[in-house]
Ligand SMILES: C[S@@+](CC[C@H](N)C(=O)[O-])C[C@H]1O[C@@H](n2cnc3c(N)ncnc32)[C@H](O)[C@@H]1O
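So this first bit is one chain, no partners, the form predicted on its own, shown in C-alpha cells.
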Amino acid sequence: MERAYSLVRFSILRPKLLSVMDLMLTDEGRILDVGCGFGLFAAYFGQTHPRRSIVGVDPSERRIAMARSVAAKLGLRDHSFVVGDVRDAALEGPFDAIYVLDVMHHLPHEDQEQVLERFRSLLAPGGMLIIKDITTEPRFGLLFTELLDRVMVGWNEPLAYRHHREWGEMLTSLGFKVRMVRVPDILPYPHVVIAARKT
C-alpha cells in the first residue's frame, strides 16, 4: 500500500514541479512539512540540501512512524515528526520556511484562513511559505483532480478548492508578499505553486 501511494505521489508531483519548489525553499534552517504523510518529501528535500532540518506534521500515527523510519534509514538525523492536526498541533516556531503540498483543499473553507494565519505566526521574519495546490481552472482539470481525490479520500470528506488568485489575495491581506507559478503537466492537473514571503 505504501509503495503504491509513493508511486502515485511522485507521478503526480513530477521532477519539474519538485525542482521549482526546491529552488524556492531555503537551503538550510528549520522547515515545516505540513501533511508530511510517510515523509517522502521531507526525505527528498532533506537530501537535496542536507543542512535543512525538517519537522513533519501529520494526523496519522502510522504515517509518522514510517516517516521517522525513512529519515533514520537515510541518515537524516535533524528531521523530526509530530503526530497532530496542523490546526492545533504542538508546533514550536520559528521556522525559516513552511511547505504545504496538496493539503489546503482538504481543509474546510472556514478553516483555511485561520491555518494561513497560524503559518504566519510560526514563520521567522522573512520566512517563506510555499503552497502547492490545485486551482479551479480549467474546469476539466479541476474535475479530473476531484475525481482522483475522491478515489483517495472517499465521497464524504469535504473538498474546498480555491482559485489561485483568491489564495493570493488572502495571503497578501495577511502580510505576505506573493508570487504564483502555474506548472504545466502531461496530465490535466491544474497545479499552482504559491510562494509567499512573510514581510
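None of these values were measured; they are calculated from a predicted model. Quick note: we count residues from 1 along the sequence shown, nothing fancier.
Beyond what is shown, the protein has a form predicted together with the named molecule; the following relates to that form.
Checking 52-60, 136-144, 164-172, 22-30 against the named molecule in the predicted complex, the stretch whose residues place heavy atoms within 4.5 Å of it is 52-60. Taking Met128, Val103, Leu122, Ala71 one by one, only a single residue has any non-hydrogen atom within 4.5 Å of the named molecule in the predicted complex, and it is Val103.
Interface residue remark: Glu113 is not counted as part of the site for the named molecule in the predicted complex, having no heavy atom within 4.5 Å. In the predicted complex, the named molecule stays beyond 4.5 Å of every heavy atom belonging to Ala67.
When contacts are judged by a 4.5 Å heavy atom cut-off, His109 does not count as touching the named molecule in the predicted complex. The closest heavy atom approach of Val86 to the named molecule in the predicted complex falls within 4.5 Å. In the predicted complex, Gly35, Cys36, Gly37, Phe41, Val57, Asp58, Pro59 are the residues of 35-60 with at least one heavy atom within 4.5 Å of the named molecule, listed from first to last.
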